[in-house]
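This document starts with one chain, in the form predicted on its own, laid out as structure tokens.
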Amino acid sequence: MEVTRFAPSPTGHLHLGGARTALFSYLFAKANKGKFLLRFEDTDRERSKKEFIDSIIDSLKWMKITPDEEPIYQSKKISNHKEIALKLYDQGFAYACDCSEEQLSEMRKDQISKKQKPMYNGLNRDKNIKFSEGMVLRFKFPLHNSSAFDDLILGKINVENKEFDDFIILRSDGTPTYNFSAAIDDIDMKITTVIRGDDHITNTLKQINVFKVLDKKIPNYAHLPMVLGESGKRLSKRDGAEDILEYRHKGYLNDALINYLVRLGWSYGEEEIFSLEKLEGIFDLSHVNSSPSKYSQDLLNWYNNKYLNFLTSDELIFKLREDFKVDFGELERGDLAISLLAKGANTLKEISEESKYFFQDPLMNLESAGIGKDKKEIFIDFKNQLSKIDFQQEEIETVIGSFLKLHNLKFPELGRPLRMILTGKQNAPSISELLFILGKDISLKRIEYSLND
């Protein structure tokens, strides 16, 4: 059975790149009838915060990514990690190192001056120093040949062992380091496939060697190429790398974000729209692109607009009421109003902001509406014509057409100022739809106000 995991460090909120990693790990597990697990790598005592743990859990919950078991906290397993590190020391796979910060600094300076890669040079590797409190334990990385694995996305990865140093597995304060703890936890959790960003390739090669000395089965690895910003550089907050819950606060739908994220580097024929349920059945790592993806705000907006218009008016009314405290249910034709706004909106927040004129009169005078004094009589006549009909949309359209013909007007000469009178905005939905949704009383009252101001 496939078992995957998402293992964030709770030193910040869940951002778009991490959310994609979690989603791919979850979908791979579900598509293979396996388990998806969550592990918090919270051993950084200074930076790990409960608020970030809660935020990550809330973000995953909003994205409908549900772990199959309770989260694992790495900080609760430190004693086990330390015990195994000491066993490796006893078995000769690790060694004690008492190098001071000054020695390490001089080592780096010397290497840099010789244009060498700064790394630990193995000074204490063969000294057989007896380990005592305050020292670090270093892993004896193989000196010869290379370390390799077959990546499920990137193919064969092979790096000469001379590129690695003897990395620390136990710090001087007795706490284990990331690469060692991650490998031990993957063993304990019986992880079969690790899916993560390609910035972890070096970590993977280190962890594979830990698996080897412990004589444990090495998981499969799939490294996702990074997500670039629209500028082509590494994704930054300005490009969209912000807290996933911020997307919710801005009015994006979770289904739309899921669909968008899965399409960042994954494809399935010519299809563009995928429900989470469908993805759980068809997701395959062989369809993941091996080159970086680029974040696109326009494409995310396109997806969100699609999903907004998949919703019924009742569903939209509920979401606007819950998330933005705007209640279209208070309007006589609120279902039509919200559906009309959704056609051109990118987010729920946009609908909320655009909806103000349905709830309050814009109070526009002739000058603000762009109506000259010489045109006032024309608008008085238009108001009188509207007052004579039942205010069904077809009747409204007929009146508008006849009125334009009678006064030899082009539509913008009536439409632009009338739109300002009705909404206070230059850009708004069609005039006939607006008049119908606002209703006879409100429409005539707003026109009357502008004419009498």
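On a predicted model such as this, the values are computed, not experimentally measured, just so you know. Position 1 is the first residue in the sequence shown; the rest follow in order.
One more form of this protein, predicted in complex with a small molecule, exists but is not displayed; see below.
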Next on the checklist: I need the one stretch from 145 to 153, 369 to 377, 194 to 202, 351 to 359 whose residues put non-hydrogen atoms within 4.5 angstroms of the small molecule in the predicted complex.
Outcome noted: 194 to 202
Checklist outcome for this item: in the predicted complex, the residue from Y178, F164, Y260, Y89 with a non-hydrogen atom within 4.5 Å of the small molecule is Y178
Item to check | Close approach of S443 to the small molecule in the predicted complex, 4.5 Å, heavy atom | outcome: no
Item to check | 4.5 Å heavy atom contact, S9 to the small molecule in the predicted complex | outcome: yes
